[in-house]
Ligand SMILES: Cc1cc2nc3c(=O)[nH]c(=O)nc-3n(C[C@H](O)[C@H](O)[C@H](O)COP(=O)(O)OP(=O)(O)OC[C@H]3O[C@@H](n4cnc5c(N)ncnc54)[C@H](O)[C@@H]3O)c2cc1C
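What follows is one chain in C-alpha cells, specifically the form predicted on its own.
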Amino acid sequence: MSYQVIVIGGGPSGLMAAIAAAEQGVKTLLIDKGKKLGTKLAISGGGRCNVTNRLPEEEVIKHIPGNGRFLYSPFSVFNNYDIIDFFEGLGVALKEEDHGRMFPVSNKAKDVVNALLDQLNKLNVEVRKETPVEAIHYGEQTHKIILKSGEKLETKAVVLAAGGKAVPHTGSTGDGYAWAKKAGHTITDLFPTEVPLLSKDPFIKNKTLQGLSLKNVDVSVLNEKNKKIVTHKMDMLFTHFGLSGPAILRCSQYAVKELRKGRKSVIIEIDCLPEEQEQKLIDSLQKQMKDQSKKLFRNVVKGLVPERLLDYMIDLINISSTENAGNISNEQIRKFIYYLKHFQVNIYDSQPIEKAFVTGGGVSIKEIIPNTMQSKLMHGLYFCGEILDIHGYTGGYNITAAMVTGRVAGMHAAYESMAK
C-alpha cells in the first residue's frame, strides 16, 4: 500500500500531525501499536485532560526548561492560543484554571480524545490500531514501513510521533529512538523528569512524616557548594520512599542531573515559611517566649507548620513536649527557626524513567529544522512530541509542545509529499 504521509504514534502529537496532514488533502495513515489512541491525553490532568496553558508564549517557554527555546519557531506557525481555538472549533469548550491551565468544561478527557478521533474520521485518515512497526527502510524517493505482520507500506513522508520512555503503559516504550538513529540522528541521554525522589534519611525510613503535605513552600535543589540551583514555590508531599508533589516534580530534573554527575546524594532544601525572614521569626519567637513563659513551648509555636512536622522539629532540637517556653535557650530558638527555613532531605536517586511523567533527552533538536520539524539528515522524515529532546514541567506544557510540534510536522510532511 502506498501513502503520502504515515504518522507513527497515536498520542497528542501524532493525532495532531495526522489531522494537519489530512487537512492538506493528502492520503494519510496513522499507525499505533496500542488498542486505543490518545491514551496519554486520556490520563493527563488527572483524567480531566490539561489540554494546554493560556500563559503568554514567553511564560510557556520558560516552563519548558528542556530546550523550550527551540519552540519559538514552531510557535510562530501554531501556538498555545491556536490550540485553544482548534479545540473550541471542534466543539470542545475549554475553561481556565490556576496558573493558566486549560481544561475541557466537561472535565472529561475523553471529550478531547473523541473530538480528535472524530476529526480524523471526517478527514478520511486511515487509522490502524494494534499495528506494531518492525522497522523503517529509508529510500532515495520514498520510505518503507515494515509492520510486525510482515506487511510493507510505502510513503513519501514519515512523521515519528512514537513518544519517549515515560508512562510506558500508554505505549511509549522508546521504540522510535532506533528508527531515528537509523536515519543518522543522535539520541541525547535519556533521564526521568517530573519524577518523585528517593531518600534514605531516617525520618523517611521510619515513615515519621509519611503522607504529610506542605502547602506553598519553597523547595530548592542545592549544588555541591550548597548554593541553590533552582527553587519552586508550590505544594509538596512526604512519602514512604522520599518526596513527591508538584514542587518536587518540578525540581526533580535538576536533582537527577546533579546525581548523574556522579554525586552520591543531592540535598533538597525546604523553606516551610518562605514569606517570613529568618531573623524576624527569631526575634518574634524570643518575645513570645518571654511573654508566655509559663506556656508549653509546643503550644506557643503551634500552628506555624503542620503538627507532625512541628513535633519532629521539636524532637530534633531535643526539647521535650512538657518543656515550658521560659526554659528554652536562644540557641534552641535559633536552631528551631533554622530547621523551619532550611529543612534538608538527602536524595540518592529518583524513581525510574517508567514512573516519570516526562522523558528528558531524546532526538537532538540540533538535527531538526525548527519551523518545519523536518530532519536535517533525511528527506521526508519529521519528528514531533516526546521523542524529541524537549521537556517541560507538568501543567499543560508538555502537551502544548507535543501538539504544536505535531501540527507543524504533519503540515510540512504533507507539503513535502505533494511537492514530490
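Please read these numbers as outputs of a predicted model, since none were measured by experiment. The first residue of the shown sequence is 1; numbering continues from there.
Keep in mind that the form predicted together with the named molecule is not shown, yet the notes after this line are about it.
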- Message: The chain here is shown without the named molecule. Which stretch in 116-124, 174-182, 280-288, 74-82 comes within 4.5 angstroms of it in the predicted complex, by heavy atom distance?
- Response: 174-182
- The single option of Thr155, Gln253, Thr131, Ser199 touching the named molecule in the predicted complex, heavy atom within 4.5 Å: Thr131
- Message: Considering non-hydrogen atoms and a 4.5 Å limit, does the named molecule approach Phe70 in the predicted complex?
- Response: no
- Task: Evaluate Ile369 for contact with the named molecule in the predicted complex, applying a 4.5 angstroms cut-off between non-hydrogen atoms, and reply yes or no.
- Result: no
- Message: Given that the named molecule is not shown alongside this chain, does Ala161 nevertheless sit within 4.5 Å of it in the predicted complex, heavy atom to heavy atom?
- Response: yes
- Message: Even though the partner isn't displayed, in the predicted complex is Thr170 close enough to the named molecule, meaning a heavy atom within 4.5 Å?
- Response: yes
- Check Gly10, Asn50 and Ile399: does every one of them have a heavy atom within 4.5 Å of the named molecule in the predicted complex? yes
- Task: Residue by residue through 15-37, tell me which have a non-hydrogen atom within 4.5 angstroms of the named molecule in the predicted complex.
- Result: Ile31, Asp32, Lys33, Gly34
